[in-house]
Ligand code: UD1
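This document starts with one chain, in the form predicted on its own, laid out as structure tokens.
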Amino acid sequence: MKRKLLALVLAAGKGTRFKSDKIKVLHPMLGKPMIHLVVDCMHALRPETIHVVVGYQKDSVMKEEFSKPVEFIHQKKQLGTAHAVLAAKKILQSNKDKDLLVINGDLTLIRPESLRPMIRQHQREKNALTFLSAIMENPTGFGRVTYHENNVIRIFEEKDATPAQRRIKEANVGVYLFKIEDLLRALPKISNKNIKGEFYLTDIIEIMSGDKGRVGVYKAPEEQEIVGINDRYELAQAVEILRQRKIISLAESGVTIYDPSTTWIDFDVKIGRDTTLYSSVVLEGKTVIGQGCKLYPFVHIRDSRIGHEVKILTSTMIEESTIAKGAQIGPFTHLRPKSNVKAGAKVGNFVEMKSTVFGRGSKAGHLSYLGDTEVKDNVNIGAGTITCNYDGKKKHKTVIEEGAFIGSGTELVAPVKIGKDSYVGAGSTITKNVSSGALAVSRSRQVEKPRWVKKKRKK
């Protein structure tokens, strides 16, 4: 009979080698804090509950919005990994007939498909404990696995290991699967007689195997998944592996990525088939890109939704905005938050928008600022048009109705409304509403003074 499973994620430690004011497990990897990646992996294994052990900066960790519910356990003093498991004693005592999967909160590269065979092995062999090991070319930072008489297995943490033990290639990863009833019997036997004075969960392997409990070892099929993240450089190495995985996954789903080495795509980004990414594209947050789009070099998009068949030209920044089917953006465009570009519209060179709805088929070709503006369909915005939306205290709205034509070099002083099919002459400063079908021109009278330059030079 298959035993029910609980999961316990150890996330109480500070991570001192990060030299950061922020706890290690909240440092982002492809746009998600590393603790989220571990918790998501646990959810994929479908345990009854997931408990996260918190300690240092517990309030910050507990404020995180996880994709599915988790429960928190407070480890008041951080005295080692075994002590962290002991913090869950009450929960374990009420679930003695189940299994417990324990994982370190920085093992972000392990995938559910790598842990499912370990769970099957544990239950098939009816083990008291099954732990994950890996044969590693460079196991620096991991405890070494040693085998002794009478089936005793010992783990030597790197700081406590001899030079000979450090040369061992088999490393303990930090993933353990226990029969809870056996775990509870063994936990009190762990001591803190080591260099750091901590209670190591690794010691339980020797204790349980020495007590003739069935202890199994499941060797990780891929060394690449076993990366402990103890400092910023190891973080960078792990992020690179995740980045490559993401790009391979998208390529397999029908996305063309011409230069993977310069492309950054966050974990939660979604991209439709037949979309093409050129070099140096950055896609962050929960961005969604439709089918058949083209993103040219140095495009940077964050938390935005891009419709089908959109073309985004070089050196364009888009933040928290929406772009509908068939629109064209760029080059050198900046869409700030709450910009909404409708189908077939064109927003071009050195145009900036903020909190603006830009209508179907409308055009803003170059050198314009549209803030807090509602632009209806088929409007032409001439070069150098500016909406003056801020009076020093409040933001005000500009409305440009369907089919209007705004001449170059125009200033629209909000609040103001430009009527349907109206024209605004180039160089105008518009401070009053313009009625539908009208021409509005607001310029000072041109004055010319003959021979003025010659007189000035004589002076």
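Since the structure is predicted, the reported quantities are computational estimates derived from the model, not experimental observations. All residue numbers are counted from 1 along the displayed sequence.
What comes next is about the form predicted together with the ligand, which does not appear here.
None of Ser209, Asn389, Asn127, Asn104 but one reaches within 4.5 angstroms of the ligand in the predicted bound form through a heavy atom, and that residue is Asn104. Proximity to the ligand in the predicted bound form, defined as a heavy atom within 4.5 Å, singles out one entry of Gly228, Gly216, Gly272, Gly348, which is Gly228. The ligand in the predicted bound form is approached by Val173, whose closest heavy atom lies within 4.5 angstroms of it. Contact between Tyr200 and the ligand in the predicted bound form is found at the 4.5 Å heavy atom cutoff. At least one heavy atom of Gln75 is located within 4.5 Å of the ligand in the predicted bound form. A residue is said to contact a partner when one of its heavy atoms sits within 4.5 Å of a partner heavy atom; Lys196 meets this definition for the ligand in the predicted bound form. Each of Ala11, Leu79 and Ala84 comes within 4.5 Å of the ligand in the predicted bound form, counting any heavy atom. Stretch 151-159 is the answer when you ask which of 151-159, 350-358, 317-325, 252-260 has residues with heavy atoms within 4.5 Å of the ligand in the predicted bound form. Counting a residue when any of its non-hydrogen atoms is within 4.5 Å of the ligand in the predicted bound form, there are no hits in 413-435.
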